[in-house]
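Only one chain comes next, encoded as structure tokens, the form predicted alone.
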């Protein structure tokens, strides 16, 4: 772990009851940041914030549906009452399913685009409104390799993540002269709880045993390993601190050499 500090920073991290969001929350709190977790699962989010508190950090959990603008705005106001001005925001909430294109229901499309793209859009609006009133800030959108590299059976997911990259670039350009930076991370396979389910869906797609799926991916990656949570944290710390002060509208590939652009 690098030693970059985040003292006097207030973060909102969405979807942080588990996976990448939870890992970033714990790490940033150790660096001195105050953490607000927005998640539908308030109980699991509370488990993360309780753990941060036991380790001497400051964190609060808020039950928020990121597809609901009113809930986001209300919770954002509450964060500033509880923790102070929001300086940093990480959009980590996301869902993914693997379903053949012609079997993808309108309901699944609406859900996937709603959480991954609309949710990021609405949260960026809330973040930027606050940051404009405080003189600036930084936003990090957790995207995906699937936002650059299309894959079958993930049409709705790819569409949503391609959209997140366009959103990131558009708002980065619009607010670059207002001291607000917006970047994204595009990881490959991160073995989190999401992949505990997806490996069964991918196994069906490829005719593999579910336990063969992650090793199958490792063989195809030039570095022959999956994305580690520490890889996510390292890239996030870079993009969320002054180490990247001249960087906005960019997407960092965390793919072990699988994708380069």
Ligand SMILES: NC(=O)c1ccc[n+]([C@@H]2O[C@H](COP(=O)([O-])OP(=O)(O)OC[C@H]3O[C@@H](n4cnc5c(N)ncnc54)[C@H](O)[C@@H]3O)[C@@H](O)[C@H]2O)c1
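Numbering follows the first chain given and starts at 1. Here the structure is a predicted model, which means the values were calculated and not measured.
What comes next is about the form predicted together with the ligand, which does not appear here.
> Can you pick the stretch from 142-150, 126-134, 170-178, 101-109 whose heavy atoms fall within 4.5 Å of the ligand in the predicted bound form?
It is 142-150 that comes within 4.5 Å of the partner.
> Given that the ligand is left out here, which of 86, 156, 122, 93 has a heavy atom within 4.5 Å of it in the predicted bound form?
So the residue touching the ligand in the predicted bound form, by this definition, is 93.
> Among 40, 233, 221, 203, which has any heavy atom within 4.5 Å of the ligand in the predicted bound form?
Selected option: 40.
> Using heavy atoms and a 4.5 Å limit, would one call residue 193 a contact residue for the ligand in the predicted bound form?
Residue 193: contacts the ligand in the predicted bound form.
> Under a 4.5 Å heavy atom criterion, is residue 17 part of the interface with the ligand in the predicted bound form?
Answer yes; at least one heavy atom of residue 17 falls within 4.5 Å of the ligand in the predicted bound form.
> Since only the chain is shown here, I'm wondering whether residue 35 would be in contact with the ligand in the predicted bound form (any heavy atom pair within 4.5 Å).
Answer no; every heavy atom of residue 35 is more than 4.5 Å from the ligand in the predicted bound form.
> May I ask you to check whether residue 138 falls inside a 4.5 Å heavy atom distance of the ligand in the predicted bound form?
Because no heavy atom of residue 138 falls inside 4.5 Å of the ligand in the predicted bound form, the answer is no.
> If we check the ligand in the predicted bound form, which of the residues in 47-71 reach within 4.5 angstroms of it by a non-hydrogen atom?
Contacts from 47-71: 64, 65, 66, 67.
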